[in-house]
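Next up: a single chain in structure tokens, the form predicted alone.
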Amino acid sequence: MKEQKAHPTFSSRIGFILVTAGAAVGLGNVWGFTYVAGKNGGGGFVLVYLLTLVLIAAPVFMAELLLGRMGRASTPSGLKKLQVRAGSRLPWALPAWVGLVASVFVLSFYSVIAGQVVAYGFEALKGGFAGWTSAQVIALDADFKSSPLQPLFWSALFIFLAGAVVSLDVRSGLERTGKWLMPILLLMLVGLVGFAALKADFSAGFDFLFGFHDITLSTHILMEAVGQAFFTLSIGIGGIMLLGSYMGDNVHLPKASAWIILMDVSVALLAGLAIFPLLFSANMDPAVGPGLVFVTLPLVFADMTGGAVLAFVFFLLLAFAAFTSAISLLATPVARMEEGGISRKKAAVFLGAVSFILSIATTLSFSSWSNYYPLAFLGLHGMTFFDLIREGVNNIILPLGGLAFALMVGWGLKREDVRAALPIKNRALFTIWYAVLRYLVPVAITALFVTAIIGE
């Protein structure tokens, strides 16, 4: 009988916090948050987003980490073990399997956006952006997307590098990468906010991001907020659960969760405070859509001394943030394949190849397939492959995955087992968190889906 390998763990608490924060913090916080907030009117949406993050996403985030710590295996195997422990007949592993597939799909579009970030870094390295006009920046974005070959090259490079890290063991790959890259990105964002405060229309950006403007609440707005909250925390598809399984016994889960969530929210808000003032200074519409970061960020450096160098550093570090999330996405299905007897290297190569093939659809969505809507016959007119993958994962799979994790912890496992595994000394805080998982999260997510189905 083949001896079962011991499940790996991170070497330190700070390693776990930084790697998990790296999985949560990424393009979803900088690229995703800013363009979704921009197209939904700013302050009103941000308020809804923060409320959903605190009341729904954050409790589920801690529940997913808890499932990982208790399962100590790949996500399907860990949930299967907990299902047996709970004495349930329900297929607990099903959300994990869906999450594994979703991880590959997310990486497929994530790599395209991240690939453009890397390409812009190299453009800056060649001296680009310094002294450029807004027309030149917009033209660069259009030229990059007009032919699929260039985006596919950078996407392939990004996936290859992520696969190279994931093919290493957990401490040499995931932990070492997270420890170095995340603090640097945070420092860069703080510096960029400082520049926006001194040189851009900071008051207008601040008012747009935090001002109380008129907002018409709709099911779509609420689903966007919930989906964005889940996406920025990377919950609902099992990646956070896998990292929880690598958590050392010396980690205080509630405190670590609080630090990770604080870092995640800080990066999203700092990105908004950096980007929106620059956008208003350039008299550009904040609702420009997914191209927001690639149109506005280069303008940050256009009038700066040494702008090309600073642009290169920023896009490199933004790529690092994307990279830490990407390796977490890839690591989740790789862990399952490794558990099945396939080497990490072979699993990383295979899954990276699948992600790259799927990325072709997203790449073409920005060029020759920009007017092709594959599910228009189902009433989803106006949604490209990219839109379907992003919104399908954000607005359906992530909330449903989070709902499943909440139900497992809140209703499936015994309360005393959860209490023992989650050392919250304050009984009242535990009771509130547990009640949120049992009642608020299921009711809120179910109500949103029902309202979306039957119409407002």
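Numbering starts at 1 and runs along the sequence shown. The model shown is predicted, which means the values in this text are computed figures rather than measured ones.
Below, we refer to the form predicted in complex with a small molecule, which is not included among the displayed structures.
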Okay, which stretch from 409-417, 426-434, 25-33, 39-47 lines the small molecule in the model of the complex, with non-hydrogen atoms inside 4.5 Å? 25-33
Considering the small molecule in the model of the complex, which of S257, S234, S359, S245 comes within 4.5 Å of it through any heavy atom? S234
Of A200, L329, A319, V226, the one that lies within 4.5 Å of the small molecule in the model of the complex (heavy atoms): L329
Does the 4.5 Å heavy atom contact test between F158 and the small molecule in the model of the complex come out positive? no
Though only this chain appears here, would S108 touch the small molecule in the model of the complex if you measure heavy atom gaps against 4.5 Å? no
S325, heavy atom within 4.5 angstroms of the small molecule in the model of the complex: yes
